[in-house]
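The form predicted alone is given below as one chain in structure tokens.
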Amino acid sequence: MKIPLPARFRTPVLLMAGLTLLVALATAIGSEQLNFTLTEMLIRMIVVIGLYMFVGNSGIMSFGHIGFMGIGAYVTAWATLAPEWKQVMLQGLPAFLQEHTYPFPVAVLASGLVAAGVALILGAAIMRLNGLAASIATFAFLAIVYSVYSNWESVTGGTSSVIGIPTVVGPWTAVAFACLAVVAAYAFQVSRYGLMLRASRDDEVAAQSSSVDIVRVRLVAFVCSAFLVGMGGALYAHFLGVLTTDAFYLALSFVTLSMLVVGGIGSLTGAVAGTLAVTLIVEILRACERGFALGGAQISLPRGSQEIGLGLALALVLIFRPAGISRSREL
């Protein structure tokens, strides 16, 4: 028997159902390594979906969203670390953070809100720029965040690792937040703000003549996407249990942008499909780097093959399918 499903709800429902089924199968298999990989993939998917919310709808490439991820990760560390750890590692924190520990849901929400607040202040200036100028400004933001967090030792620990973060995020927690991100991104996509933003992306002059406040709609998308990315950073911190500033810089920026481009910048389906595809490529190459037996001989790829393979995959997609795996279309 077919269950009728309104066309406007098909994309988010099918994506959430697919992700939930994937986690259920992985849980049934019971592999610890598989669950680890799946959890990391789902957290990155939240970040890619947040990136899509702004980049896919506005057409402006952002190189700085991983900065919001880092902000969210450190906010949740400040909130959930035991006071004994904070008094040793993070002596510059204010008393309400240094002397208290907050619940996981409160910390994740605060991470998203702080990232969104920074995006509101930053976006008020950057969203007035267009094209390459706006993209370079977002990269400058990433560099500033990395420099500040690497040197503010009393608050972030500097280049040292922040340890002791509760590791409470597993596959089911990650997929729940990934489904929430899918719903949020799709709701924005079909909202009047999403429609106006895509209109400005396709024809800025025509959008302005139709009374679209381009700076305003870009700023709304920028803030909403930063909120999702900040929450993704908080989940990442509670997944790893340890933070370093180097984790939120160029390498992760390249991977998340590759996921979005490979899947298709112009669709939510592309953000999800690209994350799945790139994760699969990286895991296969990682296994080949570790080596495998073939006819009694041990064969392994040289170190760095992951980056080379990912670069080749990105180049091939751009050459043969510029719109990505999904052709920038929804399910």
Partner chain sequence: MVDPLLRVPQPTAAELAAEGVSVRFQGLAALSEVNLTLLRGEIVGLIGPNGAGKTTLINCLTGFQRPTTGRVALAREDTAGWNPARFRKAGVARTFQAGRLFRDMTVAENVEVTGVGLGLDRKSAHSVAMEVLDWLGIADKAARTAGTLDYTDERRVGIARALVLPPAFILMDEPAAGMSDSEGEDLVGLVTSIPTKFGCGVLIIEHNMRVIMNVSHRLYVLDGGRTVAQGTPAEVQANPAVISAYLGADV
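Residue numbers count along the first chain shown, from 1. Predicted model only: the values in this text are computed from it and were never measured.
Not pictured, yet referred to below: the form predicted together with its partner chain.
- Using a 4.5 angstroms heavy atom cutoff to its partner chain in the model of the complex, none of Glu84, Val88 and Leu93 count as contacting.
- Contact between Val220 and its partner chain in the model of the complex is not found at the 4.5 Å heavy atom cutoff.
- Although the partner is absent from this view, Val182 stays clear of its partner chain in the model of the complex, with no non-hydrogen atom inside 4.5 angstroms.
- In the model of the complex, its partner chain sits within 4.5 Å of a heavy atom belonging to Ala199.
- His100 falls outside the set of residues with a heavy atom inside 4.5 Å of its partner chain in the model of the complex.
- Residue heavy atoms within 4.5 Å of its partner chain in the model of the complex occur in exactly one stretch of 221-229, 208-216, 171-179, 69-77, and that stretch is 208-216.
- The partner is absent here; in the model of the complex, the one residue of Ala124, Val106, Leu195, Val242 having a heavy atom within 4.5 Å of its partner chain is Leu195.
- For the residues Ser154, Ser191, Thr159, Thr167, the 4.5 Å heavy atom test against its partner chain in the model of the complex is passed only by Ser191.
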